[in-house]
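Single chain ahead, by itself, as structure tokens, in the form predicted alone.
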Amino acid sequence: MNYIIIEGLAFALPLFIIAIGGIFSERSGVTNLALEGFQGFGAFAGAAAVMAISGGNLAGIETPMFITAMVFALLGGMVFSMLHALLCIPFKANQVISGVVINILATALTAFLTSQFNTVLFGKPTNKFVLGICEKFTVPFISEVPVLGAFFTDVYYYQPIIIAAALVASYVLYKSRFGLRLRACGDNPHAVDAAGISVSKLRFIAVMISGALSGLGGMCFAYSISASFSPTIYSGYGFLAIAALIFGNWKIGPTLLACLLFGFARSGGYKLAQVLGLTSAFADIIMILPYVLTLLLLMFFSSTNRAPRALGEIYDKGKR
């Protein structure tokens, strides 16, 4: 049980912060299928910054480089998300197509840039940055409590950062004037415009926030799942985050529960494969459990979901 909780949290929390980014974008009215691209490019920016500063030698400087990676991942995801914002808001492109294209672009671009980066700096034309596993800590005394203590055992350094970021994001979205206006953009943008507030500006900022949070989540995956960055490590996680926020009805609290469910399903699948001693072929089948669970949840609960009323609609100031 401890293994399922520890590994489930390590997967669920990065997924959660990516989903929060999606909530910000979609509550403003911009459909965002580009979360996977944002997290990939953000992770690339963070990993590239670490490799450039350290020269590829991370021994003894893991913590400063970890902080550097988080900062550059936020900035990288934010900058890359501006492409989606530009296409969807001022140029009024189809938001679904824009998201799909940006995901494809991110995969190809990060593969090319990583290979070129390694070739120039290290003379090795590989599309992978080896980062190492993020450091962990265990909370004394509480970690010794049965079951509950697993939540405080072998905690990655990025997990408290994600929890803090999620609390700030929740306050901004639900308690601040900016959050009220952002949510109004997704439900009644003409009312926002009538109040003298720029709908385009709010939506642009919301997409940039989604890019920053997705970049942070992508960097966390790079530091935990494979201890490296490559264009393939985040494949599918962006869409899993989208499924989580839809299942959570575009609300942060229920979305957290959905992410935890996916995380525990994933770690539970790993544990089941180990206990049964399955070969790699059968173990891979069990690993699809989170995605099967996603399909089932959407199948049975999507009818009760209520998306923002203006989600996906291109705002036209002349229409009422």
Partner chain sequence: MNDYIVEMRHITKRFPGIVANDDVSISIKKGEIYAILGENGAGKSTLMSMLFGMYEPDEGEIFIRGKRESISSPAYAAKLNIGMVHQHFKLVQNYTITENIILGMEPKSRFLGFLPSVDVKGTNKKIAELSKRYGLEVDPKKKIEEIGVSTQQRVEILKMLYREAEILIFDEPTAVLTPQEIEFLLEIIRELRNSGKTIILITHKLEEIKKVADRCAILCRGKLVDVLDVKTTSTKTMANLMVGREINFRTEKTEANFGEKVLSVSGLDVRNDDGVSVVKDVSFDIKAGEIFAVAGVSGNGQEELADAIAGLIKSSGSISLKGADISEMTVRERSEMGISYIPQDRQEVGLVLDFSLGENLALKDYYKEPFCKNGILHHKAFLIHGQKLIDEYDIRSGQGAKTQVRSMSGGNQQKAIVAREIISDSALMIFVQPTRGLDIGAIENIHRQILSERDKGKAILLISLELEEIISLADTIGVMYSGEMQTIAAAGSLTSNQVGEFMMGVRSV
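Numbering follows the first chain given and starts at 1. Quantities reported herein were computed from a predicted structural model and do not represent experimental measurements.
Below, we refer to the form predicted in complex with the partner chain, which is not included among the displayed structures.
Exactly one of the stretches 130-138, 147-155, 205-213, 175-183 approaches the partner chain in the predicted complex with heavy atoms within 4.5 Å, and it is 175-183.
With a 4.5 Å cutoff on heavy atoms, residue 192 counts as touching the partner chain in the predicted complex. Within 4.5 Å of some heavy atom of the partner chain in the predicted complex lies at least one heavy atom of residue 171. At a distance threshold of 4.5 angstroms between non-hydrogen atoms, residue 188 is in contact with the partner chain in the predicted complex.
In the predicted complex, the partner chain sits within 4.5 Å of a heavy atom belonging to residue 196.
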